[in-house]
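Below you will find one chain, with nothing else, as structure tokens; this is the form predicted alone, and questions on how it binds or moves follow later.
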Amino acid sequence: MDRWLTLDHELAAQMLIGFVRNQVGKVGFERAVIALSGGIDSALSAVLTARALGPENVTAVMMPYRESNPDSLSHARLLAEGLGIDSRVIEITDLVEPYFSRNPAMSNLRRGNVMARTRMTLVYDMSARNDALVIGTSNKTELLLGYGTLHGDMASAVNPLGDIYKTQVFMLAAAVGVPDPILQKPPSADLWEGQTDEEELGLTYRDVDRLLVLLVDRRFNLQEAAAAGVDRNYIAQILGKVRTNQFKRRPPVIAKLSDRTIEREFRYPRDWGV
């Protein structure tokens, strides 16, 4: 299975850098803005974007909450300084606390969603201020599993990571020089103290990526994946996550009344020449 997750690092980086440069330029922009969390996904996106557009055209926004791990901010600063990109720190505590205080029974999930959407509101405001496109940080594993907040960290105009699995994010991030402190720490959305992605998901990225590449890229069915040595209950669990989170991976379904409904008959990567 691992052979299907291997990447030609140099070629992949070149393709993703070209993708960012091409897609940002196609819509008439020269600048980009990115939410830099101190984690590996946003670090890789920032490196690719800085190389695509030039560091002078990239702004990183760091948005800690009062309970965020201080290492997240220090790692984000480390990366931004190394890349030579503009960076801003905007605390979200004063923005979200009034809402939390009026809803003291909120679960960690709800609080995390509020923080993720608040952060993205700030990023899009910076996008309007700087005349810059928002660059995404969601990888293929998290998009397939629905592990992200709709209109929060899943929002962007251009996403260079959406077709590479988390395992591949680690490989590529190491190849392009993301600093070791970011590479070595457990992935975490840092939504509450001690939170890690793998503990919250109840799986490891290594195992789930090995299965997802079979199901999605190799188009194995449940029986074929089981014959490859994967537990049937685990396959069913992951298939359930992929199916139930499909709504997060597409625009809202539009009721069809005309002959050319958007996202059905009217469906182009770009609408030029309509």
Partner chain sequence: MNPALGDLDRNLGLHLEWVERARRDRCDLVVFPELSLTGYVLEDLAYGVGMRLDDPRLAVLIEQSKSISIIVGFVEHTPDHQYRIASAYLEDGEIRYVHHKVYLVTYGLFDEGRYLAAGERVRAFDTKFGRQAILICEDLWHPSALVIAAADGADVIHAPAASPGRGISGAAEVLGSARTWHDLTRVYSQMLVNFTVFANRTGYEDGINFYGASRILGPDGQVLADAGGDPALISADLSDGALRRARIASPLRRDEKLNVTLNELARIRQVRIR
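The model shown is predicted, which means the values in this text are computed figures rather than measured ones. Here the rigid core means the biggest group of C-alpha atoms that line up within 1.5 Å when the two forms are laid on top of each other. Numbering follows the first chain given and starts at 1.
Quick note: we don't show the form predicted in complex with its partner chain, though the next part is all about it.
Contact with its partner chain in the model of the complex, defined as a heavy atom within 4.5 Å, is made by none of Ala13, Arg66 and Ser74. Lys26 falls outside the set of residues with a heavy atom inside 4.5 Å of its partner chain in the model of the complex. Mapping the unseen interface onto this chain, Arg218 falls outside it, with no heavy atom inside 4.5 Å of its partner chain in the model of the complex. Using a 4.5 angstroms limit between non-hydrogen atoms, Arg270 is distant from its partner chain in the model of the complex.
Taking the partner from the other structure, its partner chain in the model of the complex has no heavy atom within 4.5 Å of any heavy atom of Asn22. Contacts to its partner chain in the model of the complex (heavy atom within 4.5 Å) from stretch 240 to 255: Arg250, Val253, Ile254, Ala255.
Here Ser258 counts as shifted, since its C-alpha moves by at least 2 Å between this form and the one not shown after the core is aligned.
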